[in-house]
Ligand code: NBP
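Just one chain follows, in the form predicted on its own, and it is written as structure tokens.
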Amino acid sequence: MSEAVSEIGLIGLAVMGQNLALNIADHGFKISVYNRTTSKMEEFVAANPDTPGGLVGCETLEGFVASLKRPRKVIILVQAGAATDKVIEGLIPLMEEGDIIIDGGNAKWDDTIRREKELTAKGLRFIGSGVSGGEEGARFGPSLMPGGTEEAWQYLKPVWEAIAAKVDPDTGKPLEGAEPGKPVEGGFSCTTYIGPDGAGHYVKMVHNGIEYGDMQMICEAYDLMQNVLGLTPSEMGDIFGEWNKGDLDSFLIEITADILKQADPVTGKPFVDIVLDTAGQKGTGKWTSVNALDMGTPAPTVAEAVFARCLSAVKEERVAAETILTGPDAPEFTGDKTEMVEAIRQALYCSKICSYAQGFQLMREAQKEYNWTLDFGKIAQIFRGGCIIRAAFLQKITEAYARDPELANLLLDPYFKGAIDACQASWRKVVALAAQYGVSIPTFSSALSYYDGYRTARLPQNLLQAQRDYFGAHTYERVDQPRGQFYHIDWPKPDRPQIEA
């Protein structure tokens, strides 16, 4: 049996697994690594001989487990679902009471709840941790969202805090200056204990849903500038670069500016113009939308972002439909393009506020559903570095929850209310302009409808409740009686009371 030498182990040496293992080793932790294909493990270890902590390659799962110090800590980074369950099944007979399994994949939160319950019954501890930031984040500092018991978290905490992205605790700005392969020290570490069982993976799912919304909003701003204002990709790249210096400062705005300035290496044309307009997805945005529906919590902007990807996938149908269906006969835009670009920026910011309000409202409802206690200010703060949605904007969310930890909705915070008040005229102008020119803006328009619905004390669903009672005797509540008391009218009778004309 191998000597127990490593502080932690990792199974799964695809790109994410390799990068996370190197990040851990760079911070001085000796890490054992195992991969089902032994040659891949051997090549990885041979290619990285001089990490500060050291890599220990293991040919067998038995040797891998034996190489870990107690309590053993094993990170799994394989495909979510059945593959993860298969790895766990192989580990269970080799591990001992108190050992810890950490699932760092994009697992569905209810799978994590199930696994944690099953492993607890066997005397093992389980952590489901969201890992955000892609390959670069895994290598140089991701945002990490662990869920499980606090006791298990204490064993993982030194590693997770060391390898996570770091931000300035006061401003929320990422700490820059790391050279490739060298860790950034100091600052607030972008990880925190999220909550029991599936809380970490749930928050990661909502993060990904918000990411869907962010990306679609940016695409809509691009579409408006391209198809209404007639701007070139290079011109739009400069605009996004300027936007990245203000309220919209974020990773996604930054890379959008880079993409729009990139030339295609084959044709020399703008790169974005040669990319096919069909978007893929891995399911986490759909999970967010389905869960919002299951809990009866409004998250329309994320859902519209998912549907936009679905619509993009029917490329052949859209090509055929363009030859059959007509849109508005809009005139060439003759207004002030600079003013309209600023209006689009403001519309993007307002839509972003509503999208995040929906995401955080969804997490608020989930904690009631699953008996979690989530710290929304800290969640916003750990999103400030390492992850795909990292943005200056998130510091405002942290500050909002510092002012009021029980805040029902971000729209009610003074900062966000002020931002909407200052920008909503432009937002409405842009949504109207898109309708006039026939440009599809599902997230801009759904976010505005969400805002208008949320701020309205009396919605038209009074008529809807009457309809339900009419055709299905589903009952209704009355405005002149306490909530929770239900009534029914025997609708088919012809002598029912009528309003006098």
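Start at 1 and count along the sequence shown; that's the residue number. As the structure is a prediction and not an experimental result, all values here were calculated from the model.
Here the subject shifts to the form predicted in complex with this ligand, a form of this protein not shown in this document.
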{"item": "Contact segment among 114-122, 244-252, 132-140, 157-165, judged by heavy atoms lying within 4.5 Å of this ligand in the model of the complex", "value": "132-140"}
{"item": "is_contact(A14, this ligand) in the model of the complex, heavy atom dist at most 4.5 Å", "value": "yes"}
{"item": "Contact flag, T456 vs this ligand in the model of the complex, heavy atom cut 4.5 Å", "value": "no"}
{"item": "4.5 Å heavy atom contact, K204 and this ligand in the model of the complex", "value": "yes"}
{"item": "is_contact(N106, this ligand) in the model of the complex, heavy atom dist at most 4.5 Å", "value": "yes"}
{"item": "Answer option from K378, K429, K86, K173, heavy atom within 4.5 Å of this ligand in the model of the complex", "value": "K86"}
{"item": "This ligand: the contacting residue among L394, L91, L77, M340 in the model of the complex [heavy atom, 4.5 Å]", "value": "L77"}
{"item": "Neighbours of this ligand in the model of the complex among 28-47 [non-hydrogen atom within 4.5 angstroms]", "value": "N35, R36, T37, K40"}
